[in-house]
Ligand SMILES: Cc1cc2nc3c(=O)[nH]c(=O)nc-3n(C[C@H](O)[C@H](O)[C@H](O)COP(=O)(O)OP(=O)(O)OC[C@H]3O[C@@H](n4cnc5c(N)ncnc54)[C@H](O)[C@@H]3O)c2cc1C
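The form predicted on its own is given below as one chain in structure tokens.
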Amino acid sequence: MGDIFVVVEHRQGEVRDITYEMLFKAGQLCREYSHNLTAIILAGQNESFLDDIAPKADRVIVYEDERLNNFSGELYREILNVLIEEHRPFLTLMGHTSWGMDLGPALCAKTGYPLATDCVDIMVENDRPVVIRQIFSGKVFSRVSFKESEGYLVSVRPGSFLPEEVEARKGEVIKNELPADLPVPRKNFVEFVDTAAGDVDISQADFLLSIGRGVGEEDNIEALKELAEIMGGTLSCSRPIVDKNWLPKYHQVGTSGKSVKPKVYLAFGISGAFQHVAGITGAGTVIAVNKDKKAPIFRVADYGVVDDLFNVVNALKEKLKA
């Protein structure tokens, strides 16, 4: 029996969804393989999030210090290295986010534990983790195993698991003092800028009509805007539309935009790259329109139409105006 560590991710006083997703998956693994689930909270004074995390873990190890008010990869690396040396966890999970992409490789180098990044599933076979990753822009799933090691590190892609299904646990709380010999970080947090803020809050919309690269030209967006208005929906988009400056950043859905939970998500010309799909895991019904029948978006869609998106747009307008 060993531990599975989950590194709690938070921002501006709130626990991020990726934390609950990791707790859910870690809970499954602990139940199947008789491990203990330990959540690690590194936070500022009076910001330990215990009420949110304690019922979802067997044990919560907490460090509270003003130096941890904001994420610091250097401090996290040193603190987690001490914990890993002391507890020798079987598996340590962190989000494949800006946090995890900074922390994971550094912790791998510090501990000597092997690291698998951007994983969408985790299993255990022959007492070693086996992870699933997507390659070739999400068109192929790869199965990755580890060489034998005392412990393993995995970063989890946001949106891979369902956080609302986390089971209740006891949550023994252990509060620790920071190690006395922590180095002075070479990087300092300056400010957090929410680039997705704007006049429209797509995260609150019940119906989103979303457009992607398949729209072709900027002038074609007007037709989609008109359809969104007729249907009483809010216009959103994938990253290529924002990269081309065709719509403001606050319309973007995905890991570098916003996660959304509409009752209906209607996607026109969106291929379905994992960064985008991660942002729509909370959607009630996903309807995809794409002329490429092999587009990854169809793997997550409840309904799909293989056709030129403008044929569908025009047909809908005719029906709705009739």
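Just so it is clear, the model here is predicted, and its values are computed rather than measured. Start at 1 and count along the sequence shown; that's the residue number.
We do not show the form predicted in complex with the ligand, though everything after this point is about it.
**Student:** Out of 275 to 283, 57 to 65, 38 to 46, 23 to 31, where are the residues with a heavy atom within 4.5 Å of the ligand in the model of the complex?
**Tutor:** Of the options, only 275 to 283 has residues within 4.5 Å of the partner.
**Student:** Only one of Pro158, Pro240, Gly73, Gly151 gets a heavy atom within 4.5 Å of the ligand in the model of the complex. Which one?
**Tutor:** So the residue touching the ligand in the model of the complex, by this definition, is Pro240.
**Student:** Identify, from the list Arg213, Lys110, Arg128, His87, the residue with a heavy atom within 4.5 Å of the ligand in the model of the complex.
**Tutor:** When the ligand is considered in the model of the complex, the option within 4.5 Å is Arg213.
**Student:** May I ask you to check whether Lys291 falls inside a 4.5 Å heavy atom distance of the ligand in the model of the complex?
**Tutor:** Output for Lys291 is yes: heavy atoms within 4.5 Å of the ligand.
**Student:** In the model of the complex, does Pro262 have a heavy atom within 4.5 Å of the ligand?
**Tutor:** So Pro262 does not count as contacting the ligand.
**Student:** Even though the ligand is not shown here, does Thr92 get within 4.5 Å of it in the model of the complex, heavy atoms only?
**Tutor:** No, Thr92 stays farther than 4.5 Å from the ligand in the model of the complex.
**Student:** With the partner left out of view, is Leu309 within 4.5 angstroms of the ligand in the model of the complex by any non-hydrogen atom?
**Tutor:** Heavy-atom contact with the ligand at 4.5 Å: present for Leu309.
**Student:** Pick out the residues of 248 to 271 whose heavy atoms come within 4.5 Å of the ligand in the model of the complex.
**Tutor:** Result: Gln252, Val253, Gly254, Thr255, Ser256, Gly257, Gly269, Ile270, Ser271.
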